[in-house]
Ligand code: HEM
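Just one chain follows, in the form predicted on its own, and it is written as structure tokens.
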């Protein structure tokens, strides 16, 4: 009898961002059961002819409700101060649909809503896309210093946690809303100093201010270095636009340390990004590993 394949990450975590995406957020429907059964149905991948792939994340409240235990999973703490607000908007389920055809994303959304009913209700949809090969809507390259290869796996994936945890990942998700009109009123040099790079060649500014985004979040500047695997994408609706910030990490404190630097928790220096953009959502999720082609949900079994 063949042994089961070792668990690994959900494939979309390590793959580059797709041309198109949809981010789905679900809440638990009050007074209903069937959450575990719905997740078991969700554990099967999309049909081969669906034209989409997906990454699935579970919120801390859902894991607790099901009696499971994921060490390190928690909710994002809200924060506010002069010039910034960081909201916390936890949810039961987060699904990143990835594809190349918007119609395929629409049909997969419909299929998921039916499959998760009545235990879960769709709360929000954010439409996202790849812009000019990987640029933010400001025109600056996103994720320039992303780790690759084995370094990406080390940054994003849990290891040494045991069966059901190894190969999983934590994800921090924030929808940032840009004021692009305000950003475009800044001169080119000021825009570069906000980001900390030259838009013309993506080179880091040698004299970038301490409040520039690159200087605030330079991964090697932490002691020890703190790496995130970013998979962010621009988004837009009829009136608004911005960036869906997505960072996969093996421990959530990696993202928290970056966010603390951005809001000047220790030194009072606020990231210049807040001059034109703001987060309107924020949540943490746990992305189960995959074993034999299905989500490995064994850690959701009640703890004895």
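Only a predicted model underlies this, so the values are computations on that prediction, with no experimental measurement involved. Residue numbers count along the first chain shown, from 1.
One more form of this protein exists, namely the form predicted together with ligand HEM; it is left out here, but the text below deals with it.
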| item | value |
| --- | --- |
| Residue (of 273, 35, 56, 70) lying close to ligand HEM in the predicted complex, criterion heavy atoms within 4.5 Å | 273 |
| Heavy atom within 4.5 Å of ligand HEM in the predicted complex - residue from 228, 93, 97, 128 | 228 |
| Three-residue site 140, 178 and 197 fully in contact with ligand HEM in the predicted complex at 4.5 Å by heavy atom | yes |
| Among 60 to 68, 23 to 31, 242 to 250, 46 to 54, the region lying within 4.5 Å of ligand HEM in the predicted complex by heavy atom distance | 242 to 250 |
| is_contact(residue 214, ligand HEM) in the predicted complex, heavy atom dist at most 4.5 Å | yes |
| 4.5 Å heavy atom contact, residue 192 and ligand HEM in the predicted complex | no |
| Contact test in the predicted complex: residue 136 vs ligand HEM, heavy atoms, 4.5 Å | yes |
| Close approach of residue 218 to ligand HEM in the predicted complex, 4.5 Å, heavy atom | yes |
| Stretch 259 to 279: residues contacting ligand HEM in the predicted complex, 4.5 Å heavy atom cut-off | 259, 262, 273, 277 |
